[in-house]
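As structure tokens, one chain now follows by itself in the form predicted alone.
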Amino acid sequence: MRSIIIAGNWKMNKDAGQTSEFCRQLASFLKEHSHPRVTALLAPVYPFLAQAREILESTPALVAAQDVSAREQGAFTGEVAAFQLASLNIRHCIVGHSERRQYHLESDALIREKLIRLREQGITPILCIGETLAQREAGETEGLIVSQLEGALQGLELDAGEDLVIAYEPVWAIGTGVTATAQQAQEAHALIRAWLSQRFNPATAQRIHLLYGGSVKPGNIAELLSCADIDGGLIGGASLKIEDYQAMYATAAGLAGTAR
């Protein structure tokens, strides 16, 4: 039975002081409310990864990076390499987020290179995939999801499934306040798991965590987590407020003991 991941993607928000304060409050919360089958994960901006790790070190919470370079190292100003993340003991990293695809024109081939760099360092990628509103309305959702999976995972093998997390993020529901219905989200997640089962094997596919990443908030997370193939959320705006994050974690903890 898969556990639940409550992943906060802070994007370009919070300064050093705000990051520390949030992490301190989360550490205090987890001392009383930590659940063995719910993982708290935060992705601050690069400059504050180390301080977040230090504050949360004595807790079960994880710290992730929001991106990584496709290059190993060298003269690439402004880039951060996978080995540098590993040196901070960062064990997870988001790749292929729709904002990277949109604003930085990242291709599936580039994202695949980033996956390779992370895997070389033993860092678990959180691979983001998903369609735009125009693509959904044109009936292209299934084809696009499969294309993104094939492009990013081409030629790669998995150890057992624990070395990859996939986040389905319908682009039309990110930061808009619009959320895919639980049925729409589950359909996409079931498609992803079916593809993984064919590409790898059923046992591995069942171990891979699939997160939903489109305007998750305290008011809808219970319905989403009740779906058979949704194992948590990659959460943007609602993860910035400690009260909302704690509420979502508590909801996940309440559902973690039920059959999913």
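It should be emphasised that the depicted structure is a prediction, and the values quoted were computed from it without experimental measurement. Just count from 1 along the sequence shown to find any residue number.
We do not show the form predicted in complex with ligand 13P, though everything after this point is about it.
Ligand 13P in the predicted bound form comes within 4.5 Å of a heavy atom belonging to residue 234.
Although the partner is absent from this view, residue 99 contacts ligand 13P in the predicted bound form, with a non-hydrogen atom inside 4.5 angstroms. Although the partner is absent here, residue 215 sits close enough that one of its heavy atoms falls within 4.5 Å of ligand 13P in the predicted bound form.
Although the partner is absent here, residue 174 lies within 4.5 Å of ligand 13P in the predicted bound form, judged by heavy atoms.
Comparing 27-35, 44-52, 215-223, 188-196 against ligand 13P in the predicted bound form, the single stretch with non-hydrogen atoms within 4.5 angstroms of it is 215-223. For the stretch 1-37, the set of residues having any non-hydrogen atom within 4.5 angstroms of ligand 13P in the predicted bound form comprises 9, 11, in sequence order.
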